[in-house]
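Here you get one chain, nothing else, as C-alpha cells; it is the form predicted on its own.
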C-alpha cells in the first residue's frame, strides 16, 4: 500500500517538462491533427458534390507531415525526449512515421471511387483515417506505456468505426461488431499486462522499466514474465498474429475495401512499432524468454495464414489471410534480434523488420487497389471476377501480377528483398530453422497468388460478365497503382537508400539498450 501511495504521490507532484523544442519535435503530428480538424470543419459546410475535393487537402496534409518528418530525420535532433520522456523523437519514430504517412496517402488515392459508388461519406472517412494515422504516429514515437496505450486506442477506435462504415452492408456491421468485441478483450489484456509491469517496476517509462529490472534483479521474476506475456497477447491482436487473428478475416471481408487495405498495413505497422519499443527498449532483459515466444508465434502465423488462404474463393478474404502470413514473416526478424549480442547483427534484425514493413505497405496496398478497381467494374471480390482481366484491362492486370509476385517474394521485386533481409537475419543469428519454415511458407503462398495471375490471363471473360462491366472513374486509383509499382520496382532493384534509412531507424533502440545496460 505504501508503494502505491508513494508512486501516486510522485506522479501528482511531478513537474511537467515542456519547451518550444517539444512542439518542433511533434510538428508532423501537429500537421496531421490540424489537417484532420480542417476536414471535419469543411465537411460540415461543403456541398455534397464538393466533398471529394477534401482528398486533396488530406494528401496535402500527409505530404506536409512527410516533409516535416524527413527534415527531422535528416536535420533534427535525434534521440531526444519530450513531455517528461513520454515522446521520443529519434530515427526509429521518424522511419515508422514515414510508413504511416505513406499508407495515409495511398488510402486517400484508392478511397474516392469506391466510397462514392456506394454512398459512403467521403469527408468523414478522410477525417477518421487521419485521426487513425495520428494514433499510429503517437505509438511510433512513444517512450512510455501510457502513451503507447493512448496511440493504440486512438487507432483502434477509428478502425472499429471505419470497418462498419458501409452502413447498407450487413457484413460491414457484423465485421465491425466482431472486431470491436474482440478488440476490447485484447485491450483489457494489454492494459492488465502494462499495469502488472508497472506494479513490478514502479514506472511506465520504458527506459526506467529496463533500469528497474536490472537494479532489482527482476529478469527471472514470474510476475514480470506474466506482464510481458499479457502485453504480447495484446499486441499480438493488433498485428493479427496467430492465435489472436480471429477477428481479421471477418473484419477485412466486412469492411469497405479501402478500409481493409488501410487496416492491413497502417495499424499492423503501428503494432510492430509498439512491440519493438516495449520488448527491445523496455524488456531487453527478458529477451531469452520473449524470443522463443515470438519465434513460435511466427511459425504458427506464417503457416496458418498461408494454408487457409489456399481455400479462399474471395480475393478479399484471401488477402486477409495473406496479411496474417506476412505478419509471421515480419516476426521472424524480431525473434532473430534476441538471439545475438552483436550490435551489427541486432541492427540487421531490427532493420529487416523496418524495411519489410515499408515494402509491405506498397505491395499489399497495390493488391487491394486493383481489387477495388475490379469491384467497381465487376461488383464482386471473388477470384472469378478477375477472369480475363489481362484482356479487358491489361495495364491493371500487369500491375496486379507485379504486386502478387512481390507478395510471393519473386525477384526483382521489393517483396523478394524484404524476405531476403528477414530470413538472412534469422540465419545469421542462429534461427536457421525459422528461416527454412519461412521459405517453405513462401513456396506455399505462390499457389494462391499465382492462381489469380492464371485467372487474369488464361480464364476468358464470359459474355454475361462482359455485359455487366460498369464504367468507373479510375484517375486516383491509376495514380496510386503507378506510384506503388514504381516503388516496388525501385525497392527491389535499388534497395540501398531505403535499407540505410532502416538501419538508421534501428540504431536508437540498440543505443538505448546498450546505454541502459552500461555496455
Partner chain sequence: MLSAMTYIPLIGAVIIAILPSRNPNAYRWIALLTTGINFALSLYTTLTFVRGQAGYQFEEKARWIDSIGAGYHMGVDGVSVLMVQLNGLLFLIAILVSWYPIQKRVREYYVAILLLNVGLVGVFCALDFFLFYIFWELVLIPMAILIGVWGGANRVYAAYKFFIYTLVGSLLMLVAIIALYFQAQPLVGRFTLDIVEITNATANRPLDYTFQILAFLAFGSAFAIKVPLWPFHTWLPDAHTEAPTAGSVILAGTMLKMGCYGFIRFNLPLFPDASKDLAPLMIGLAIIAIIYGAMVALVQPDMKKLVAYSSVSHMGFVILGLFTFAYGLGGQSGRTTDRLLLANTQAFEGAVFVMFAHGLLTGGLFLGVGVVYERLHTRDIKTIQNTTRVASRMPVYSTVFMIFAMGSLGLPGISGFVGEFLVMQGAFRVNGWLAFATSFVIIFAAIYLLWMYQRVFFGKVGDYDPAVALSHGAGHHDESHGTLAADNAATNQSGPAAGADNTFHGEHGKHPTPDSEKFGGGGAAGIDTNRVGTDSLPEKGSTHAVPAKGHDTGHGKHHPDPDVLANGAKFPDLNLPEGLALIPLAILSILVGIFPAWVLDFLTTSGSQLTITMVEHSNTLAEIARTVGK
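Everything numeric here is computed off the predicted structure, so don't read it as measured data. Positions refer to the first chain, counted from 1.
There is also a form predicted in complex with the partner chain; it is not shown, and the following applies to it.
Shown here without its partner, the chain carries 369, 400 and 404, none of which come within 4.5 Å of the partner chain in the predicted bound form through any heavy atom.
Segments offered: 442-450, 264-272, 132-140, 92-100. Contacting the partner chain in the predicted bound form at heavy atom distances within 4.5 Å is 442-450.
In the predicted bound form, the partner chain stays beyond 4.5 Å of every heavy atom belonging to residue 290. Proximity of residue 244 to the partner chain in the predicted bound form falls outside the 4.5 Å heavy atom cutoff.
In the predicted bound form, none of the heavy atoms of residue 73 sits within 4.5 Å of a heavy atom of the partner chain. The shortest heavy atom separation between residue 391 and the partner chain in the predicted bound form is within 4.5 Å. This chain lacks the partner; the member of 219, 310, 436, 116 within 4.5 angstroms of the partner chain in the predicted bound form by a non-hydrogen atom is 436. The single contact residue among 53, 486, 46, 493, judged by any heavy atom lying within 4.5 Å of the partner chain in the predicted bound form, is 493.
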